[in-house]
Ligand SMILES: O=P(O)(O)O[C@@H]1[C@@H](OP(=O)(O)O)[C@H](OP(=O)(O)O)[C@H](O)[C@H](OP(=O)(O)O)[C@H]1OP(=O)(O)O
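For reference, the chain that follows is the form predicted alone, supplied as structure tokens.
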């Protein structure tokens, strides 16, 4: 990043989350990621540099070890000319969603992260004229708590995502409850996975976005913006998935194109591009494999059928690896919170120990090795409590990461290539799979997670579950008047 070569007009707004903003280069396959802060909160340049370096180290020494080097791209910290950063900030301001403008881009330190643009193929040097499609999925938590520390029986039956949906709609975050359930996607059963992906496409919220040649074409740019039309999406997808029935337009064409997209995504999610690598984790217990609130499961129950058994995920695929890391949440937030308080009490007595406990880094090999201890027998020590707290933070990171699937049609002469290929009905597609949003979740967020968990379960139990019980009770009362009398013949 040489000063003479930095031109803000070569970069465009790409997207942002709660804590960072990303711009993409117009020609090169790179993005810059800047930190964001509230207007009244300033950090020194040294603190920002350390924060960014911690993100890089955590990706390199922890998440790359768990998920595999083919999936994790750590990037590097770069220092940029301050004038370039200020001009860039002014240039992109009008493109930012209003709901995200409560925080400002860091324009004072000059530090940012330079990363590959994951909306592009990562496996080879692609030709610029070739169309590139990228599907970003935020799958969320793929298991139901199995810990004996859980006090709310509902948490053993309904997944966190499905419960949280009701609270989000009630508070105006979203207008409609999604039919998507993470357990369906993580089931490994193609029927359930297809249903989950179609549900995401119907109600994307912020769990699915689709890019074409690096431009967002589908999904919510803002929490309040409506979901795009399937017909418009199908129009964008036709160059990749032209229907095998030959239809060029109409509802049948749209359905065929969407069906092909879902088939290809499922195929990629179940594939492995990290052969020969096995997970270092061996969590023993597992909760129920079906969420009672999943519309897919409910429809099968209404038909008097059992939900198709989960087929299991191939051990080399990214979904399997991600689920293994999520299951480092061995105690649930209910079992973890007392351990967090134990660490907090120790830090009150010995505040200088925060550094030696590696709460704020460095995230090195020693930090990673401690995460592999999956024992749940509490010996009353601060060391045990700290290990569980750190495992929980890593698990929460895996629960909130995004999977990026980039696809591009193969050229006619691609038969000799060694690239990963997924077959579709009319063509073959080169693909790459990457993981995004792998920042370690903050230690300080644990009390918030504890309160939020209670709020989610309480709201779901009082409203949705109570309504279901009332409906069942009505059905039983209606059936009380019906008596079957058998006469002897």
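Quantities reported herein were computed from a predicted structural model and do not represent experimental measurements. Positions refer to the first chain, counted from 1.
Keep in mind the form predicted in complex with this ligand is missing from the figure; the text below concerns it.
Student: Quick check: superpose the C-alphas round the site, drop in this ligand from its position in the predicted complex, and tell me whether this chain leaves it open or blocked (blocked if 3+ atoms sit within 2.4 Å of backbone or C-beta).
Tutor: After the site C-alphas are aligned, the pocket of the shown chain is open to the transferred ligand.
Student: Contact check in the predicted complex: 179, 212 and 236 versus this ligand, with a cutoff of 4.5 Å between any heavy atoms. Do all three pass?
Tutor: No, the candidate spot makes no contact with this ligand.
Student: Consider the chain as shown here, without its partner, and state which of 190, 168, 96, 157 has a heavy atom within 4.5 Å of this ligand in the predicted complex.
Tutor: In short, 168.
Student: Among 149, 206, 272, 107, which has any heavy atom within 4.5 Å of this ligand in the predicted complex?
Tutor: Here the answer is residue option 206.
Student: Name the stretch, out of 132-140, 84-92, 374-382, 317-325, where some heavy atom lies within 4.5 Å of this ligand in the predicted complex.
Tutor: Single hit among the candidates: 132-140.
Student: Hey, in the predicted complex, does residue 298 get a heavy atom within 4.5 angstroms of this ligand?
Tutor: Residue 298 lies outside the contact set for this ligand.
Student: Does this ligand get within 4.5 angstroms of any non-hydrogen atom of residue 400 in the predicted complex?
Tutor: Although this ligand is absent here, residue 400 would touch it in the predicted complex, with heavy atoms inside 4.5 Å.
Student: Is residue 396 close to this ligand in the predicted complex, meaning a heavy atom pair under 4.5 Å apart or at it?
Tutor: So residue 396 counts as contacting this ligand.
Student: Even though this ligand is not shown here, does residue 173 get within 4.5 Å of it in the predicted complex, heavy atoms only?
Tutor: Yes, residue 173 sits close enough to this ligand in the predicted complex that at least one of its heavy atoms falls within 4.5 Å.
Student: Does any residue in 9-45 get within 4.5 Å of this ligand in the predicted complex, counting heavy atoms only, and if so which ones?
Tutor: Those in contact are 18, 19.
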